[in-house]
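Below you will find one chain, with nothing else, as structure tokens; this is the form predicted on its own, and questions on how it binds or moves follow later.
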């Protein structure tokens, strides 16, 4: 999906805030609200304003590219589920604490917290032969969970945008191969999003299955912990739920080295479901090469995309504001015209650069507002676009503009006729 690559701040729906909301406990929550990326509608429910939605779209694009790359097909499943599907799986009991139930004219429903039941019932009507397998599908969909205590802004909410994928195979071995493909795709996704993740062996919980991994980002504000081996040559790691017997300072079950505990945020979760769902739903079977009817072997793979915006913000910020990686930034270049109202030369040069950047396909946000230099610099740092281009009267006297890398503070001055190409290439190093 294409989005406008150029925008003037004088036209942008944006109001930055000097102060963070009183309920904001963590940096990502404070900064995303102050920078005008999101607004709270109710406890655990947020609106994405234009800049926030662009970040969400950029994250989603990365995820879609990697899902498409492993052969998964995108679909869109219903979010309103007949309650009998959940009764069939038994999860009206095991997930009762987060289910949001709806009494409607058409009967009793639940708002989807996840989609294993519905995807199983859907594929059961479409696939009945080994020739149709393996199959992988995914969606980007809104989920609803009745969290008892939403907190940390987008990190724990009652409504969230999720990418959930599902694989269907003919055997446990084939399921394992599909799982490895998805596991590797997750590693690539997090690398592209600028996140250092540790995959850990995890408990499957109410989702089900025997094998699962959580992808954890070490964080001081994490609500989870995982155990990992202190030896760099080992690589063993597990969630506390999967290895409750291990305490900090204990022995690694793989190599015997000392175990350490790490506070972390979960960025994704994958599961080998086996026949947990296919065995419970009529028709969730295929005929093998010998004509025998067998249940699908399934896997599922979740990743909270709206949550990912906050996870990235937690990892990429400083005291002045956000520092988005180039892969997810709403715009690549923030063009600032300083004193354009007093200097026709500044206005003309900045307008020329804006047109040149936009014409070259570089996504650019142009601060053409009649605001003070201090306000423009403060907002530029708060919004956190990767490259800042500053056009001012003093620089123009020498025929140059300044480029600044938001994340590192590295600066360089270039002749005006070189600025657009340099900004398109990325932040100064």
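On a predicted model such as this, the values are computed, not experimentally measured, just so you know. Residue numbers count along the first chain shown, from 1.
Below, we refer to the form predicted in complex with another copy of the chain, which is not included among the displayed structures.
Visitor: Which one, 388 to 396, 375 to 383, 356 to 364, 55 to 63, holds residues whose non-hydrogen atoms are within 4.5 Å of another copy of the chain in the model of the complex?
Guide: That would be 55 to 63.
Visitor: Counting only non-hydrogen atoms and a 4.5 angstroms cut-off, does residue 82 reach another copy of the chain in the model of the complex?
Guide: Residue 82 belongs to the contact set for another copy of the chain.
Visitor: Would you check, heavy atoms only and a 4.5 Å threshold, whether residue 123 touches another copy of the chain in the model of the complex?
Guide: Heavy-atom contact with another copy of the chain at 4.5 Å: present for residue 123.
Visitor: Does the 4.5 Å heavy atom contact test between residue 75 and another copy of the chain in the model of the complex come out positive?
Guide: Taking the distances in the model of the complex, the answer for residue 75 is yes, it comes within 4.5 Å of another copy of the chain.
Visitor: Looking in the model of the complex, any heavy atom of residue 13 within 4.5 Å of another copy of the chain?
Guide: Within the cut-off, so yes.
Visitor: Would all three of 226, 257 and 261 be in contact with another copy of the chain in the model of the complex, where contact means some heavy atom lies within 4.5 Å?
Guide: No residue of the spot touches another copy of the chain in the model of the complex.
Visitor: Have a look at 118, 185, 340, 221 for me and say which one sits with a heavy atom within 4.5 Å of another copy of the chain in the model of the complex.
Guide: Going through each option in turn, the one that passes is 118.
Visitor: Using heavy atoms only and a 4.5 Å cut-off, determine which of 252, 161, 346, 197 is in contact with another copy of the chain in the model of the complex.
Guide: After the contact test, the surviving option is 161.
Visitor: For a quick check, can you give me the residues of 126 to 149 that have a heavy atom within 4.5 Å of another copy of the chain in the model of the complex?
Guide: 126, 127, 128, 131, 132, 133, 134, 135, 137, 144, 146, 147, 148, in sequence order.
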